[in-house]
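First, one chain by itself: the form predicted alone, in structure tokens.
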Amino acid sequence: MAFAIINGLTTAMAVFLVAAGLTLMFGILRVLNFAHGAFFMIGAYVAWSLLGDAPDSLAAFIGGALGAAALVGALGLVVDQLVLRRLRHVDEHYMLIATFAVLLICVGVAKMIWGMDFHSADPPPFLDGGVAIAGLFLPKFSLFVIATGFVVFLALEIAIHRLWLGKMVTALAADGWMANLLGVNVPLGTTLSVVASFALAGLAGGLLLPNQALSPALGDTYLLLAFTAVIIGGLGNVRGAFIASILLGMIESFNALLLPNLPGLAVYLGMIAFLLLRPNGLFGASAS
């Protein structure tokens, strides 16, 4: 039971790391970015290119993940200038089609640069192996992923609710027109939000690189659960995405424990139940 809980928390924090950028972007632009998984995949490839198959140390591993975040954030700036900015005032369906096109382009470019072969990377020596806690032998890397998920959540909470920049972004999400009248630089705030969203995708790719089958299809591994977490949590709400990720992680873990022959079934049933009971999500607009 305890191992299932740890496994569920590991899955939950991995999903949240991917969902954080997704929900941040929806909160500002009201767009479900179909290309988010592709930039998560690019972040993993960039980290792998920087670190190789076996990172030397924990500092190098975190540095590689931050490097991936920086590069993917820069790519987000390019995508914003070339695609997203041009479509902000048209029907949202065009934005969805555009992000899907960006997804296809990213996957194609990744195949040209890194090929179709599968790659893998080990955790750094500090995170390799396990540690005994209360009679349980727990993988160090799982504990690292759990801790990282909580740290990223707390950082976003502080940034959004305590810092001036976060309050500016919240004002943009609530009413961009009024924020502009009050002197807020709306284009700059929107661009920074997009860059932060993409950087979070790259950071997630770098941090979750070990123990993954690295390929151009890597983004699909977490994207469906990330979308589900964003929907259940309430579109655009980071707290909701965090709690929904924990719920989904637990459901997925206990599904594997109790129904090993029906993988993923409980997640879909849980999502249907949540949508029937709370169509706007846990922290959706009508609920608040």
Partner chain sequence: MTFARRTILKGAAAGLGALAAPSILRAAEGDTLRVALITSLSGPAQLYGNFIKIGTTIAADRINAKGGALGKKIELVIRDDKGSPDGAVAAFRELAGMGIKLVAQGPLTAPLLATLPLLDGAGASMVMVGPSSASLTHENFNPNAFRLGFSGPMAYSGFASVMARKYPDVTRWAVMATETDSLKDLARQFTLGLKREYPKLAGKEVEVLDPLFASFGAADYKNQISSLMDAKADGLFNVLQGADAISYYKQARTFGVENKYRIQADSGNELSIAKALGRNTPKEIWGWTGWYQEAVADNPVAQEIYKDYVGRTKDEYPNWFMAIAHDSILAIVNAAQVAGSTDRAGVLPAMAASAPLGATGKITFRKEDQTFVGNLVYIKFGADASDPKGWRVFESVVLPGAEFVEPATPGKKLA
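Here the structure is a predicted model, which means the values were calculated and not measured. Residue numbers count along the first chain shown, from 1.
Unshown form predicted in complex with its partner chain; subsequent notes refer to it.
Based on heavy atom distances of 4.5 Å or less, which listed stretch (177-185, 157-165, 117-125, 89-97) is in contact with its partner chain in the predicted complex?
Comparing against its partner chain in the predicted complex, the contact stretch is 117-125.
I'd like to know whether residue 193 contacts its partner chain in the predicted complex, with contact meaning heavy atoms within 4.5 angstroms.
Answer no; every heavy atom of residue 193 is more than 4.5 Å from its partner chain in the predicted complex.
Using the partner position in the predicted complex, report whether residue 129 sits within 4.5 Å of its partner chain, counting heavy atoms only.
Yes, residue 129 sits close enough to its partner chain in the predicted complex that at least one of its heavy atoms falls within 4.5 Å.
Using 4.5 Å between non-hydrogen atoms, is residue 133 touching its partner chain in the predicted complex?
Result no; residue 133 lies far from its partner chain in the predicted complex.
My question is simply whether residue 85 lines the interface with its partner chain in the predicted complex - judged by any non-hydrogen atom within 4.5 Å.
Flag for residue 85 set to no.
Check for me whether its partner chain, as it appears in the predicted complex, comes within 4.5 angstroms of all of 63, 151 and 197 - heavy atoms only.
Judged in the predicted complex, none of 63, 151 and 197 sits within 4.5 Å of its partner chain.
Which residues in 1-17 have a heavy atom within 4.5 Å of its partner chain in the predicted complex?
If the 4.5 Å heavy-atom criterion is applied to its partner chain in the predicted complex, 1-17 yields 3, 4, 7, 10, 11.
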